[in-house]
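Okay, here we've got a single chain as structure tokens, the form predicted on its own, with questions on binding and movement later.
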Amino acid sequence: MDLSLSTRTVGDRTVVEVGGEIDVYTAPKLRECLVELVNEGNYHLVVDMEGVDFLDSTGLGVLVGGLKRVRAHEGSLRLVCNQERILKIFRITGLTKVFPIHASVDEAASATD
């Protein structure tokens, strides 16, 4: 399966809508998108993972790398996910302590840093 990416702005946040699988084959596409957004000066990102069917360790690494990039600019990276199978990956790896995870884009966009 492929990876689909689209971006939009909600308030002062840039939302990256992700669909499909984030794995060793598709993760570089997500990494490129996040790097480009930060290079363009977008430091407050929301990654909407509602359309993600699969996430592996490579995808987790890309998200952690994106978080490091925005934090280097005093920014934030919030995740939107309420799919139990994806949330379980974040819980098992302890990344629920690293990433703010929200149930909706509106909730993530309105959260204070």
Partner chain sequence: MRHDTPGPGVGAAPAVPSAPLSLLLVEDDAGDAFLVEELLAEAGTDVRIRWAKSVREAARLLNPSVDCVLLDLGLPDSAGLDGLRRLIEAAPGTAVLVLTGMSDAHRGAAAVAAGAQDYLVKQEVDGSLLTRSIQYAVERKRADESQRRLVESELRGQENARLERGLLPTPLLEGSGLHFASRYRPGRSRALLGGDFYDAVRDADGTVHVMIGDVCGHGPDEAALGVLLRIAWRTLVLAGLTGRRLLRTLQQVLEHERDTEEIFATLCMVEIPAGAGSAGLHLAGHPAPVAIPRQGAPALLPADGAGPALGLLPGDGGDWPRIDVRLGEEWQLLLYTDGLIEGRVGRGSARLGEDGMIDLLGRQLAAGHAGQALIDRTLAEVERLNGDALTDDVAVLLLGRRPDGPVAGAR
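Positions refer to the first chain, counted from 1. Quantities reported herein were computed from a predicted structural model and do not represent experimental measurements.
The same protein also exists as the form predicted in complex with the partner chain; that form is not shown, yet it is the one meant from here on.
Colleague: Test of understanding: in the predicted complex, would Val64 fall inside 4.5 Å of the partner chain by heavy atoms?
Modeller: Because a heavy atom of Val64 falls inside 4.5 Å of the partner chain in the predicted complex, the answer is yes.
Colleague: Give a yes/no on whether Leu95 approaches the partner chain to within 4.5 Å in the predicted complex, heavy atoms considered.
Modeller: Leu95 belongs to the contact set for the partner chain.
Colleague: Although the partner isn't part of this model, could you tell me whether Asn82 comes within 4.5 Å of the partner chain in the predicted complex, counting any heavy atom of the residue?
Modeller: It does not: once the partner chain is placed as it appears in the predicted complex, Asn82 has no heavy atom within 4.5 Å of it.
Colleague: I'd like to know whether Glu21 contacts the partner chain in the predicted complex, with contact meaning heavy atoms within 4.5 angstroms.
Modeller: Judged by the heavy-atom cut-off of 4.5 Å, Glu21 is in contact with the partner chain in the predicted complex.
Colleague: Across 44-79, which residues bring a heavy atom to within 4.5 Å of the partner chain in the predicted complex?
Modeller: Counting only heavy atoms within 4.5 Å of the partner chain in the predicted complex, the contacting residues of 44-79 are Asp53, Phe54, Leu55, Asp56, Ser57, Thr58, Leu60, Gly61, Val62, Val64, Gly65, Lys68, Arg69.
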